[in-house]
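Okay, so here's just one chain, in structure tokens, the form predicted on its own.
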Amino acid sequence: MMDGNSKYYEGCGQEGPIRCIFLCEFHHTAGPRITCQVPENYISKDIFDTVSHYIIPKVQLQRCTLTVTLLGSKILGFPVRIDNKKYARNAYYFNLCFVCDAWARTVHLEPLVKKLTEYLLSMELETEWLSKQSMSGDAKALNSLMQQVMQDINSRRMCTLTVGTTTTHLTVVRVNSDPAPVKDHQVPVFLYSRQSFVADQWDLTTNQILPYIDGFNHVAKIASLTDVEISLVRACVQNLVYYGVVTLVPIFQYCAVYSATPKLRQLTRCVGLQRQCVEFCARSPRQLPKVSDLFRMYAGMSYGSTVRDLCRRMRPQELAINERKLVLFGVLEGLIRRVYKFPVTLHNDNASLRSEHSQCIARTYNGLVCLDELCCQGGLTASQLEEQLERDSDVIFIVK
């Protein structure tokens, strides 16, 4: 959540909400003017007049994405001109604009502005939908459409518009680099409510695995539960990561070790974070845990102490705390981090590798693959694999 613009600056790369949507046009007698905007008077007439020649530009800049930044706001538009003798001066100029904070990254909104403008353009060509509202002075239909777009895009990052028999779908497409390949032991968890997603937006395989993404099932288990080829599950999850629908967290195990981060101190200061933590980690909505107990459990996570050790010591059931959700919330909010074990084979020229198992170790354990991944590859539990490795004098662990 943003707690003020002091931490944000132009070029910081952060996305922000759409603050306003307005439609402006070139009137044959009044010149450039705003026909309709939501919320009303967000962009004042004085500010608009200052930049109107950039927002309703010359012919050379028509049908180009334009961005104008001034006085704390960034205006993004796609100006269009329709040549037809039925209009005054034989042409109709209009520009639908999104307004964001000056520091906000808006490149992901550019295709949205263009598609929405093309939608309005097609309706104007068919029924004069825009110009009729402008001439009559009654833009209720346009105002309603803008309100829907701003509300849906800000809350759900997608919007479906229907005017008469014409329908269009708008979806915010994140322009990101490709995420790292998804591994079988990683656990996808939703960043938004699953109810906010429309099934039509995703392919059949993605819709098949979505019900099994609960923050605890790892990729290999989801593939098993859905009877879907694991490579397809990995590809679907990677696609969801790309679009910011899910993120990946470590698999939950009672033998796992976590360590508190400096961000944990925010749990003592931020009331909003405290409320979220209490509600998320509760065993039952009717009995909420205390913030002090949640903090003590997080603070008790350190090197050498597993989740099982912590539960035996602090008894979360008696404190109304769901330890699985406690760990998940802590990882998502950066309050704790997972401590991984990486086995490494010590190559000793004087020692012979006596068993077939030892030969496997020599080939496999290079310090780059953690125990979680090895467990998924071998179909073993963490305790079984760790017990085998600890019996081998040629294997050591890197903990980090």
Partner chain sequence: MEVNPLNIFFVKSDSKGDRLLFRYPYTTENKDESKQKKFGRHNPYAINSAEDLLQNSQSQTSNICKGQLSGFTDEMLSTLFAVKAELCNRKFELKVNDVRFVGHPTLLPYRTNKDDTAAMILINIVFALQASASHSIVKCYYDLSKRLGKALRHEEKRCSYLTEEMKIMLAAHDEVSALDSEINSGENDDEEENSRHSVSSTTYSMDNRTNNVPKSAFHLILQRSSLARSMKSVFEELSSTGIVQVRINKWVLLSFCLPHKAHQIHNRGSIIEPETIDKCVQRLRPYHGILLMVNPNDLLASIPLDGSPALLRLIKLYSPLKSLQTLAIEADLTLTQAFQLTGHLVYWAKATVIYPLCEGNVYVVAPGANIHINSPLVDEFTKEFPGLCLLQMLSEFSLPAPLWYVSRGAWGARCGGRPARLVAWLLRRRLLLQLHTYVQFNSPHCPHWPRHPHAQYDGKEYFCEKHDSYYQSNSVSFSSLNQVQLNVPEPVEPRESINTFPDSDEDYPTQNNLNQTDFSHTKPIVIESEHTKYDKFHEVDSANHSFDDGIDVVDGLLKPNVNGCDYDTTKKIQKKVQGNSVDSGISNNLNGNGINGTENGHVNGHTDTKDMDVKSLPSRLSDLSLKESDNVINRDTSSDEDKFESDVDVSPRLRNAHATTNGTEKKNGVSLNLKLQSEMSFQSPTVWSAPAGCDAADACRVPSDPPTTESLLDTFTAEERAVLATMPASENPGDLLLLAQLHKKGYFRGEQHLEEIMFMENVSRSQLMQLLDKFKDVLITFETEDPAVAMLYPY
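Here, rigid core means the biggest group of C-alpha atoms that superpose within 1.5 Å across both forms. Positions refer to the first chain, counted from 1. Everything numeric here is computed off the predicted structure, so don't read it as measured data.
One more form of this protein should be noted, the form predicted in complex with the partner chain, which is absent from this view; the next part is about it.
A.B. asks: Is Ser231 close enough to touch the partner chain in the model of the complex, meaning at least one heavy atom pair within 4.5 Å?
C.D. replies: Taking the distances in the model of the complex, the answer for Ser231 is no, it never comes within 4.5 Å of the partner chain.
A.B. asks: Mark Pro211 yes when one of its heavy atoms lies within 4.5 Å of a heavy atom of the partner chain in the model of the complex, and no otherwise.
C.D. replies: Heavy-atom contact with the partner chain at 4.5 Å: absent for Pro211.
A.B. asks: Please tell me whether any heavy atom belonging to Thr69 falls inside 4.5 Å of a heavy atom of the partner chain, as the geometry stands in the model of the complex.
C.D. replies: Yes, Thr69 sits close enough to the partner chain in the model of the complex that at least one of its heavy atoms falls within 4.5 Å.
A.B. asks: Considering only heavy atoms, tell me if Thr165 and the partner chain come within 4.5 Å of each other in the model of the complex.
C.D. replies: Result no; Thr165 lies far from the partner chain in the model of the complex.
A.B. asks: Could you spot which one of Tyr93, Tyr254, Trp202, Phe280 gets a heavy atom to within 4.5 Å of the partner chain in the model of the complex?
C.D. replies: Answer to the contact question: Phe280.
A.B. asks: Can you pick out, from Asn154, Gln147, Thr268, Asn207, the residue that has a heavy atom within 4.5 Å of the partner chain in the model of the complex?
C.D. replies: Of the listed residues, the single hit is Thr268.
A.B. asks: Among 184-192, 127-135, 218-226, 155-163, which stretch has residues with heavy atoms no more than 4.5 Å from the partner chain in the model of the complex?
C.D. replies: Looking at the other structure, the answer is 184-192.
A.B. asks: Using a 4.5 Å cut-off on heavy atoms, what residues in 63-93 are near the partner chain in the model of the complex?
C.D. replies: The stretch touches the partner through Arg63, Cys64, Thr65, Leu66, Thr67, Val68, Thr69, Leu70, Leu71, Phe78, Arg81, Ile82, Asp83.
A.B. asks: Once everything's superposed on the core, is Leu116 shifted 2 Å or more at the Cα between this form and the one not shown?
C.D. replies: Leu116: C-alpha displaced by 2 Å or more between this form and the one not shown.
A.B. asks: Tell me, please, whether between this form and the one not shown the C-alpha of Ser292 is shifted by 2 Å or more, with the rigid core used for superposition.
C.D. replies: False for Ser292: its C-alpha shift is below 2 Å.
A.B. asks: Honestly, after the rigid core fit, is Ile336 moving at least 2 Å at Cα between this form and the one not shown?
C.D. replies: No, the C-alpha moves less than 2 Å.
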